[in-house]
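Take a look at this single chain, the form predicted on its own, given in structure tokens.
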Amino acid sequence: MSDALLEISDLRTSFKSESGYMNAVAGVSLSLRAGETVGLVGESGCGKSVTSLSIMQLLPKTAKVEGSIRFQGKDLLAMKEPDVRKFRGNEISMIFQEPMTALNPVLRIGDQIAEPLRMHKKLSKRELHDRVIELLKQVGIPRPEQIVKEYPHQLSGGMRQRVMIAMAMACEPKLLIADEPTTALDVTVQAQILDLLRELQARNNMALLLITHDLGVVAEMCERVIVMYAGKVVEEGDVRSVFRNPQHPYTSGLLNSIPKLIGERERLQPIRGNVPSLANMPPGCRFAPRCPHAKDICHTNHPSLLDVEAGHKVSCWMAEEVAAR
């Protein structure tokens, strides 16, 4: 996309092991426009979080990240660490999956929210304090004057998640990456957190990359969805098109495993097997060992990402056969 805020092309992230490098993300490409919400979905271990950490460049030194990550036309992978720090937390922010482990247990809440402001904004001590209080109010935390003096363990899970959002929004980023922002929260608090993200996004015209395994959250929040499996994109398109007419067996499996609230109760259809380990990736299509429709070619050759209709792409040999007809 020429108007893309973030454009990732052929991203490949590998981790060093005793037997060499193991590929966790294998050729992922995606893009986001300003104000757009894109969902990145898949099972645990499919490479969603590694993709986000590759964007933020928060992976260990032993990791190898190749390809292109362009933000507003600038290639982040070509930047030196001091230049990346100017973007991280300022232009691009991230809400991490576990707020209890992401927050520093020995620092007060106010000091942690103030950290990105100290790094990126020139504010006086009074302005800094006022901005922290304003952020806590924006994310719906009561008693902000008292909360700034407290520690993470003194807050509930929902409150800690709101603190994480306040930290991420401190510098009003153009792109927010939210990695499982509602995990381990009860349903009522989940709805509050999603409403808050939607409100902050509309206020700042911010792009949102929402990483989740909850397809209900994607249906509610996202305009486009990207389905990942074992480090590769297997299907992508606008949410309505993908959910109404899934073209990849993996996407169909994810949708079929969701309990239905209306109509006749039926036995759920789980996806058999497990996501393959990085050390033992199958040849050909990585989903082939679990796919009920797999043919010989699926076990030997990996299909390309093919347009099945406008804006809807799928990586599957069945789709290629249909297109060939």
Partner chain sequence: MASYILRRFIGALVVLFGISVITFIIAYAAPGDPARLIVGAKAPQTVVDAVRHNLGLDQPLPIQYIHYIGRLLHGDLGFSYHNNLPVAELIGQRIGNTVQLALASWIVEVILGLPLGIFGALYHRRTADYILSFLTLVGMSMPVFWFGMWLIQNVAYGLGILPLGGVGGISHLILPAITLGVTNMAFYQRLVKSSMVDVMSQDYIRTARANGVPAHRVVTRHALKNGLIPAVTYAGMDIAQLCGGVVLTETVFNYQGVGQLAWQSIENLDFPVIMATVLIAAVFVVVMNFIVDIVYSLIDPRISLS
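Numbering follows the first chain given and starts at 1. Small disclaimer: the values here were computed from a predicted structure and weren't measured.
If you look for the form predicted together with its partner chain, you will not find it shown, but the lines that follow are about it.
*Asks:* In the predicted complex, do Met228, Met281 and Cys285 all put a heavy atom within 4.5 Å of its partner chain?
*Replies:* The answer is no; none of Met228, Met281 and Cys285 reaches its partner chain.
*Asks:* Heavy atoms within 4.5 Å of its partner chain in the predicted complex: which stretch in 48 to 56, 63 to 71, 29 to 37, 287 to 295 meets that?
*Replies:* Checking each option against the 4.5 Å cut-off leaves 48 to 56.
*Asks:* Quick check on Leu155: any heavy atom within 4.5 Å of its partner chain in the predicted complex?
*Replies:* No.
*Asks:* Check Arg85 for me: does it contact its partner chain in the predicted complex (non-hydrogen atoms, 4.5 angstroms)?
*Replies:* It does: once its partner chain is placed as it appears in the predicted complex, Arg85 has a heavy atom within 4.5 Å of it.
*Asks:* Is Glu199 one of the residues lying within 4.5 Å of its partner chain in the predicted complex, judged by heavy atom distances?
*Replies:* Glu199: no contact with its partner chain in the predicted complex.
*Asks:* Find out whether any non-hydrogen atom of Ala178 is located within 4.5 angstroms of its partner chain in the predicted complex, and reply yes or no.
*Replies:* Answer no; every heavy atom of Ala178 is more than 4.5 Å from its partner chain in the predicted complex.
*Asks:* Name the residue from Ile133, Leu194, Ala102, Met79 that puts a heavy atom within 4.5 Å of its partner chain in the predicted complex.
*Replies:* In short, Ala102.
*Asks:* Suppose contact means any heavy atom within 4.5 Å; which members of 146 to 169 contact its partner chain in the predicted complex?
*Replies:* Contacting residues: Tyr151, His153, Met164, Met167.
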